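Just the one chain here, the form predicted alone, laid out as structure tokens.
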Amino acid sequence: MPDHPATTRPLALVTGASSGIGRVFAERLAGDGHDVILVARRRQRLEALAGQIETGGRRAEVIVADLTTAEGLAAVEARASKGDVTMLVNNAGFQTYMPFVELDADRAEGQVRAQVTTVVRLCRAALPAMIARDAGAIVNVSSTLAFSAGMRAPHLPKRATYAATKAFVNAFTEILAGELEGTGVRVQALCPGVVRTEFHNVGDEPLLRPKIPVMEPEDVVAASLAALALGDVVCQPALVDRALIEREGEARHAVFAAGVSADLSPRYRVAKTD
């Protein structure tokens, strides 16, 4: 897309913007008055979306980048570091639902780069300017599967690497929220369940399990933006009982506190023999 003069409008950078949740974020934020930076691998889709956004009177930049590569991440990180991004949506990612021993090691590493390394580096790139202006927002797209470690329910996919990256996103975002308290910068871990997007496709074929509730991406984005306004650090769009999130955090903190001791648990003491 052609270069544009700077504007005074807020600027959002959205990764994974060519489809699904990322595309809806870009469309919604542009509709709400943001200029946007669109990041994904598929140039044709990004340029079509940019044209649509510009027709609506907002500026759109396109960065074609594969965030599983060092080169792709470096290009987006350099743009995020310029100091004009007021909102960052770390949405890029992909699924690897298969037994871990069958997962190609390079694909597993690529998922860690896209869903962990990218989140860390883009947050670090964008935050200094946000803190300096006392305002900004970051949405790190996680998943309800971040809470699924240890669950052996038959309907759940094989997900070791995917769920682990999302658990990292939750922990990183919650700790970051504490560090940023009082700065005017809001951060959120967005944890949807199954969403009607291409994320679940195998090749070009949709793969959504029957009888599993499916949420629309427009509802996920609406929930995320409402949660930012409410100050919710962890947003599960379908969760009615907010106290469940609080109790989950309390349980983790209780385990942490109980484990801070110099005494070995009786469970792990080895009986002495003569």
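When you see a residue number, it is the position in the sequence shown, counting from 1. These figures come from a predicted structure and were not determined experimentally.
Just so you know, the form predicted together with a small molecule exists too; it's not on screen, but the next bit is about it.
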query	finding
Interface stretch in the model of the complex with the small molecule - options 171 to 179, 188 to 196, 125 to 133, 78 to 86, non-hydrogen atom within 4.5 Å	188 to 196
The small molecule contact in the model of the complex: Leu38, any heavy atom under 4.5 Å	no
Contact label in the model of the complex: Ala26 to the small molecule, heavy atom within 4.5 Å	no
Exercise: Val234 in contact with the small molecule in the model of the complex, heavy atom 4.5 Å	no
Contact flag, Ala12 vs the small molecule in the model of the complex, heavy atom cut 4.5 Å	no
